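There is one chain below, alone, in structure tokens, taken in the form predicted on its own.
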């Protein structure tokens, strides 16, 4: 059975793309068949995976698939064994207006990817940092939400916005949507603030699973800039080990292993 996970947070700069990319690579290398879906008009995930080849996908991208102008099977790009991409494109912002005015607009992504779901074990969706039609489509199509966040004051406070949105989605378009967990990102022990915010997060949301903390690491930024996963760039580093642990947690929560 395919599991669809939205990586989402309405706050920007929290590491959604880095989490989606490296978790996707790690799941694929564990033997799972993985599809990464980029619904962010900034197309950072797509660029990180295929570079300037993003320009080749003007007519075949997630937006044209959602508008039924392209076939999803012909749009998917193979990144490596077990890892595929449904790319974004520069024109996705323009497609947003068309999707907003389209029939059944909240379920466009769900209907677009349904035909290929049996081909995958996991679908990870990278989302824009805003409450808009792409995020609504993503949450409507998903089984779970994985929320990366920075352990800052505004990062913790901003969690309530995501929980409010998830409650709205459950009541309107996807009653089975569940929180897979929170992933504290860019964690550093150089100050007491992150540790304090982590404690506050546990106290404020005691029922929210808090998964592996991802350390702040220059290697993650350098790897993404070079179009590489952390496992290719620095396989023995702290960040790679953290993502391996996170992968085991996700598999355990989803598959019961």
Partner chain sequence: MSKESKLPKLFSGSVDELTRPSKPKVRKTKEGLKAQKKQKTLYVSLDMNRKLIELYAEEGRRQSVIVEDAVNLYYYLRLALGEKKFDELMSAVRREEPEFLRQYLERLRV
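Quantities reported herein were computed from a predicted structural model and do not represent experimental measurements. Residue numbers count along the first chain shown, from 1.
Just so it is clear, the following notes concern the form predicted in complex with its partner chain, a form of the same protein that is not shown.
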Heavy atom distance at most 4.5 Å to its partner chain in the predicted complex, all of 8, 106 and 146: no
Selected contact from 166, 102, 90, 77, since only one has a non-hydrogen atom within 4.5 angstroms of its partner chain in the predicted complex: 166
Any non-hydrogen atom of residue 130 within 4.5 angstroms of its partner chain in the predicted complex: no
Contact test in the predicted complex: residue 82 vs its partner chain, heavy atoms, 4.5 Å: no
Contact test in the predicted complex: residue 59 vs its partner chain, heavy atoms, 4.5 Å: no
Heavy atom of residue 71 within 4.5 Å of its partner chain in the predicted complex: no
Stretch in contact, per heavy atom within 4.5 angstroms of its partner chain in the predicted complex, of 225-233, 59-67, 202-210, 42-50: 202-210
Partner contacts in the predicted complex for 1-15 (non-hydrogen atom within 4.5 angstroms of its partner chain): 1, 2, 3
